[in-house]
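Form predicted on its own, single chain, as C-alpha cells, below.
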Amino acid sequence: MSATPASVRAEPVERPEFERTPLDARKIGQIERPLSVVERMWNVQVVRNFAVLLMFVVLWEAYTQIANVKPLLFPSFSDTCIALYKAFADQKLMAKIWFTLQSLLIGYAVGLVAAAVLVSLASIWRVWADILMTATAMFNPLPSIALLPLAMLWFGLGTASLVFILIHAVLWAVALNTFVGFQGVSHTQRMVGQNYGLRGVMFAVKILIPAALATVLSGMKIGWAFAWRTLIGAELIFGATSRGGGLGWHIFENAEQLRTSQVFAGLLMIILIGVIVEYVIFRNIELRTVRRWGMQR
C-alpha cells in the first residue's frame, strides 16, 4: 500500500467550541495559601482528641453548675479532681492502681500467649481449627465475670482467681480475630513466603502476622477492653469478699460510705488509664506499622 501524499492529508479540524483563551496568571491570585497556626494545630489528631475531651469536661462542669445538682448524686468535675488529688496525696490510690495493673498485665500477657499457641496450632492442623472455632463459639459469649465464683472456689481469694478470668476475657477475642486475619491473607502472599522457603513459625512471623496485623491489633484492643472491664467488675466483688483490692475496691468502699466524689475519682482514673493505653500504646503501634504500611487510612 502506498503512502498517502502530503497534499492529500487531512488538515486538523478546528473546534472553536473547545478553544479556551489562556488566562493571565497575574489575575488568578494566590493559588496555594499557607495554613494558619490554628489550622496546622487542628490537623494534628492528638489536638483534636484533646479538644473532644475538653468539650466533655466543660459540659460536665457546666451541667453540675447550671442544674445545681447535689454533689452527693453527681459531683462536679472540679470536686472530682480535688478528690482524686486527695486520694493520690495519701498514696492509697496509687497502691490500688498498681494492684489492678499488676493483675491486668499478668492476665493479659498469659492470654496473649495462650491465643498465639492456639492460633498457631489451628493454622497448621485442620482439627485444631475446628477446635478453635467451636471453643470460641462456646466460650466467647460467656461473660468472664460469671466465672469468678468458680475461680474463687478453685484458686481461692487471691490474684490467681483474677488472672484466671482475665485469661478467659482475653483469649477468645484475640484468638478469633487473629485466626480470621490469618485466613484473610491472600494466596499470593502465602506463595511468596513458600517460594522463599518459609515454614512454620518463620512463615507466621514474616508473612501471616504482617499481612494480618491490622486484624491482630483489633483483636488485641478488644481483648484489652474485655480484660479491663472484667477486672474492675471482678474487683467490686473480690474486694467486697477479701476486704482489699484495686480500683474496683476503691469504688465499692467509697460507695458504701457515700463518698460520691471519690467514686467518680475512681471512675475518672479508670477512664484515664484506658485513654492512655489506647492513644499511647496501641496508637503508636498502629502509626509505626499498619498506618505506615498503608494498610489503614
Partner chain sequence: MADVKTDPIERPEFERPSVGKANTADVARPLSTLEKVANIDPVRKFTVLLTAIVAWELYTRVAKVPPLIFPTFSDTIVALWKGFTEYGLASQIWASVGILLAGYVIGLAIGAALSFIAVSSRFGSDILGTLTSMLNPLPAVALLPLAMIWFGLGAKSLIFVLLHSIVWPVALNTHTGFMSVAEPLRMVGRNYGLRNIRYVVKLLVPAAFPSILAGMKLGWAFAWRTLIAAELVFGAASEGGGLGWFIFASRNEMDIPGAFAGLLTVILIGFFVENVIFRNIEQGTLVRWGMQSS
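Numbering follows the first chain given and starts at 1. What we label the rigid core is the largest C-alpha set whose atoms superpose within 1.5 Å from one form to the other. All figures in this text were calculated on a predicted structure; none of them were measured in a lab.
Omitted from view is the form predicted in complex with its partner chain, to which the following refers.
The partner is absent here; in the predicted complex, the one residue of Trp98, Phe88, Tyr196, Trp154 having a heavy atom within 4.5 Å of its partner chain is Trp154. Though its partner chain is absent from this view, in the predicted complex it lies within 4.5 Å of a heavy atom of just one residue from Val113, Met191, Leu142, Val205, which is Leu142. Of the candidate stretches 222-230, 105-113, 207-215, 78-86, only 222-230 has residues whose heavy atoms lie within 4.5 Å of its partner chain in the predicted complex. At the 4.5 Å threshold, heavy atoms of Thr64 stay clear of its partner chain in the predicted complex, well away from it. In the predicted complex, no heavy atom of Val280 sits within 4.5 Å of its partner chain. The closest heavy atom approach of Val58 to its partner chain in the predicted complex falls outside 4.5 Å. None of the heavy atoms of Ile124 is located within 4.5 Å of its partner chain in the predicted complex. The partner is not shown here, and in the predicted complex the stretch 159-179 never reaches within 4.5 angstroms of its partner chain through any heavy atom. Superposition on the rigid core between the shown form and the other one places the CA atom of Phe252 less than 2 Å from its counterpart. Positional change of Leu272 between the shown form and the other one stays under 2 Å at the C-alpha, relative to the superposed core. For Ser261, the Cα coordinates differ by under 2 angstroms between the shown form and the other one after the core has been superposed.
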